[in-house]
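In the form predicted alone, a lone chain appears below as structure tokens.
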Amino acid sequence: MSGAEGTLSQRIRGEIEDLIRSGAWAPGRKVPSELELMGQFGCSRMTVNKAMSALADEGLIVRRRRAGSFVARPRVHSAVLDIPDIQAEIVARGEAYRFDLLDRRRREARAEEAALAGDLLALRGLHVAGDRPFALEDRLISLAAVPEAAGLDFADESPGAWLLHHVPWTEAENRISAVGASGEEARLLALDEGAALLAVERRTWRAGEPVTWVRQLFPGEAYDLVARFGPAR
């Protein structure tokens, strides 16, 4: 490959990477075919293929034989630890699902919420599987990043499911711990006060802009958290 072709390959890779990392291209979006990219950039298939291979090696796209290439779901640093869609997981198990919105208010970010700023939508809700409480959720959504959230009632779709389906994220941070249920938490989760809970605290960003903070509490004996890890590159 000539120097000019190599530079063009880097340009193709860079433009597609920018679209993915900025959130303009959401996870699951189909990437233009190699033929389309050849026409767009006026180059050879080899040049396009080199760019696509580099994007696949970085984990930014997934190449599927006969189907084409798609924007990959982002990973949390080096761990293969996805953001679960609780609603989809419960439905996939064949159980009835509902999200009970317990509290909703619009307020300004507090000093201790430095990762979020400005106008926030504060939500508290209960994920229910069948007739059993599955998880208690407290969530803050940045209305600067997601202004349309202010007009939603989350009657048909939980806040987490809606964000996963409509607001692409480019970076996430998880914090996992074990805690004892407070009196209010125990009441809502139908447990004894002090019962063991798995606490998952998560923050997500889109191109450096904070999107949401959430804390989910799961009954300790009812939730199995599995993560697969690969070697750091």
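It should be emphasised that the depicted structure is a prediction, and the values quoted were computed from it without experimental measurement. The term rigid core refers to the most C-alpha atoms you can superpose between the two forms while keeping them within 1.5 Å. Residues carry their position along the shown sequence, with the first being 1.
The same protein also exists as the form predicted together with the DNA; that form is not shown, yet it is the one meant from here on.
Colleague: Which of 40, 49, 170, 182 has a heavy atom within 4.5 Å of the DNA in the predicted complex?
Modeller: Contact check passes for 49.
Colleague: Go through 194, 59, 68, 27 and name the one with a heavy atom inside 4.5 Å of the DNA in the predicted complex.
Modeller: None of the other options qualify; the answer is 68.
Colleague: Taking any heavy atom pair closer than or equal to 4.5 Å as contact, tell me whether residue 63 reaches the DNA in the predicted complex.
Modeller: Yes, residue 63 sits close enough to the DNA in the predicted complex that at least one of its heavy atoms falls within 4.5 Å.
Colleague: May I ask you to state whether residue 174 is within 4.5 Å of the DNA in the predicted complex, using heavy atom distances?
Modeller: Although the DNA is absent here, residue 174 would stay clear of it in the predicted complex, with no heavy atoms inside 4.5 Å.
Colleague: Contact with the DNA in the predicted complex for residue 216, defined as at least one heavy atom pair within 4.5 Å: yes or no?
Modeller: Output for residue 216 is no: heavy atoms all beyond 4.5 Å of the DNA.
Colleague: Spot the stretch among 160-168, 196-204, 41-49, 182-190 with residues whose non-hydrogen atoms come within 4.5 Å of the DNA in the predicted complex.
Modeller: Looking at the partner contacts, the answer comes out as 41-49.
Colleague: Any chance the CA of residue 194 moves 2 angstroms or more between this form and the one not shown, core superposed?
Modeller: For residue 194, whose C-alpha is compared between this form and the one not shown after core superposition, the shift is less than 2 Å.
Colleague: When you overlay the rigid core, is the Cα of residue 30 off by 2 Å or more between this form and the one not shown?
Modeller: Comparing the forms between this form and the one not shown, which are aligned on their rigid core, residue 30 does shift its C-alpha by 2 Å or more.
Colleague: Once the two forms are fit on the core, has residue 52 moved its CA by at least 2 Å between this form and the one not shown?
Modeller: Yes, the C-alpha moves 2 Å or more.
Colleague: Classify the change in Cα distance between residue 64 and residue 172 in the predicted complex as closer or farther, relative to the shown form (magnitude of 3 Å or more).
Modeller: More distant in the predicted complex, by 3 Å or more.
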